[in-house]
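Only one chain is shown below, in structure tokens, and it's the form predicted on its own.
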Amino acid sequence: MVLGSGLLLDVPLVELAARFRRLYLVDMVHLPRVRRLAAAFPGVSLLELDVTGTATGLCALGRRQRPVERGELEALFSCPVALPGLESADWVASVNLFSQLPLLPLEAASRLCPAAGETDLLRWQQQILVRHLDWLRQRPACLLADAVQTLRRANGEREVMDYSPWLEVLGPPGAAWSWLLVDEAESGDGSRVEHEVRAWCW
């Protein structure tokens, strides 16, 4: 089972489909290009699912006619992740998903709960990330994660998003490499975006 299969740019679909009797590609949305590629392999299935386990709860809170209380979001983000249909996989790969997990839930949380402050959002971010790691560690898995994201501006300024403190619980990675996501020519303003990627298998 591949979590965060996306556009299959980082997923060796041919090799995985040959190795496993059943291969499930899991993401929030599968675009037509991905559906066409997957259809060529009888053992490949697509699942559209929020692996943070928060989408259903956030949608239910959003349908209410009053602002959401911090305690309601605290309860949502702190409960263990339950992902029906994913629990029995023989092997799970989380692919370049880790740093993206909090983005949509926290955007929704800040919109639904105007009283939520920066401290609340940081705590909920941590809970989302830790829950993902806890879920993965309960089964044979592989994690490819952006440990550090760096934006280098043309004027020399740097903006760094460091996710490595949450990943320390896994111990030293089995592999690590630098990934130049956007270079100066692509950005159009002379900036570049670099990711430090780390990988674990257990």
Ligand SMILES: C[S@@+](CC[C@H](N)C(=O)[O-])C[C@H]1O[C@@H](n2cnc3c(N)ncnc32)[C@H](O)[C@@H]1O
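All of these numbers come straight from a predicted model, not from anything done at the bench. When you see a residue number, it is the position in the sequence shown, counting from 1.
One more form of this protein exists, namely the form predicted together with the named molecule; it is left out here, but the text below deals with it.
Between the options Val92, Leu106, Leu97, Cys113, the residue in contact with the named molecule in the model of the complex by a heavy atom within 4.5 angstroms is Leu97.
Taking non-hydrogen atoms only, Leu180 never approaches the named molecule to within 4.5 angstroms in the model of the complex. Within this chain, Glu194 is remote from the site of the named molecule in the model of the complex, having no heavy atom within 4.5 Å. Residue contact check for Leu101: one or more of its heavy atoms lie within 4.5 Å of the named molecule in the model of the complex. Residue contact with the named molecule in the model of the complex: Leu9 places a heavy atom within 4.5 Å of it.
Judged by heavy atoms within 4.5 Å of the named molecule in the model of the complex, the contact stretch among the candidates 134-142, 168-176, 51-59, 152-160 is 51-59.
In the model of the complex, no residue of 150-174 lies within 4.5 Å of the named molecule by any heavy atom.
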